[in-house]
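What follows is one chain in structure tokens, specifically the form predicted alone.
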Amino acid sequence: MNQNLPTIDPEICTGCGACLSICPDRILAADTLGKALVNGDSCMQCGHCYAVCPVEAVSVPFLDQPEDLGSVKIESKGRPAEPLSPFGLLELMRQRRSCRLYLEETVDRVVLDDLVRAAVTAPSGTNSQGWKFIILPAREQVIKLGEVTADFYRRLNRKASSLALRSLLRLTGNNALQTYYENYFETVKKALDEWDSAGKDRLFHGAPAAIVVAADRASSCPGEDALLASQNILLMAEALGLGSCLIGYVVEAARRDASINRLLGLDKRYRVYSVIALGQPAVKFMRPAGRKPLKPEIVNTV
């Protein structure tokens, strides 16, 4: 039996055809009695056939089956859950804020594991699921990542402080260092000074835990996959009462400094796409804030 393919019990299958119509790889067919059978080996392993079967005739040995989370009990195993109302989902998304003020209280490892389990329910290109999650459950580990990141920005600021180097690069058409100097140099310098002189954490904002989301560069769309998974983490964290914040400075450093990947145990196949600070928020937001007005553009085809 090929463990990478679904299996169908002919004694249970009613021949309704639901799995045949939903299979994206078209590897299912009907036998002479109209019952489903596997007729190919290019399975995407999406599990649609299992999810749509009304009589549970399909098995997918290659997929984990739903289980209780460590911090939240799933009440709907084996049957569809009541969907969250559109209003409830919108409220969850509106209430989530980037938290930059945390309590020192540690985050239970079970909760961090649950955030990753929520992350992998996200879609991924061709169902590749080429992501990787690195949990930093202790403040000491977060600080270590912060220190390696700070070293990168110390070196970058030394380069950016050189007018001669910025001018030379601009003559070659490379304005990146000048742009960094104009937009980020002073902010980063102040943050580094505060960290070195007073231990003030302007990077992770004192968060006691973090999750790094990386993805396999060979995936069809690794960046999109990682960021969709990251959004799931952010929303689940909000639902569990945790504060969260995306730390873009670490992502930018990881793209240019291989020592960060080595610290995280990532080989060259993987690229870091998001770093999420997590912890109990030290502030309570009383109401959702709005967003800048946005008018979507409409493409009218003739």
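Since the model is a prediction, treat every value here as computed from it, not as a measurement. Position 1 is the first residue in the sequence shown; the rest follow in order.
The protein also exists as the form predicted in complex with a small molecule; that form is not presented, and the subsequent description refers to it.
Heavy atoms within 4.5 Å of the small molecule in the predicted bound form map, among the stretches 216-224, 187-195, 138-146, 97-105, onto 97-105 alone.
When contacts are judged by a 4.5 Å heavy atom cut-off, residue 54 does not count as touching the small molecule in the predicted bound form. Within this chain, residue 50 is remote from the site of the small molecule in the predicted bound form, having no heavy atom within 4.5 Å.
Taking the partner from the other structure, the small molecule in the predicted bound form has no heavy atom within 4.5 Å of any heavy atom of residue 241. Although the partner is absent from this view, residue 284 stays clear of the small molecule in the predicted bound form, with no non-hydrogen atom inside 4.5 angstroms.
Of the residues 246, 28, 266, 69, just one reaches the small molecule in the predicted bound form with a heavy atom at 4.5 Å or closer; this is 246. In terms of contact with the small molecule in the predicted bound form, the residue from 205, 132, 117, 166 that brings a heavy atom within 4.5 Å is 205.
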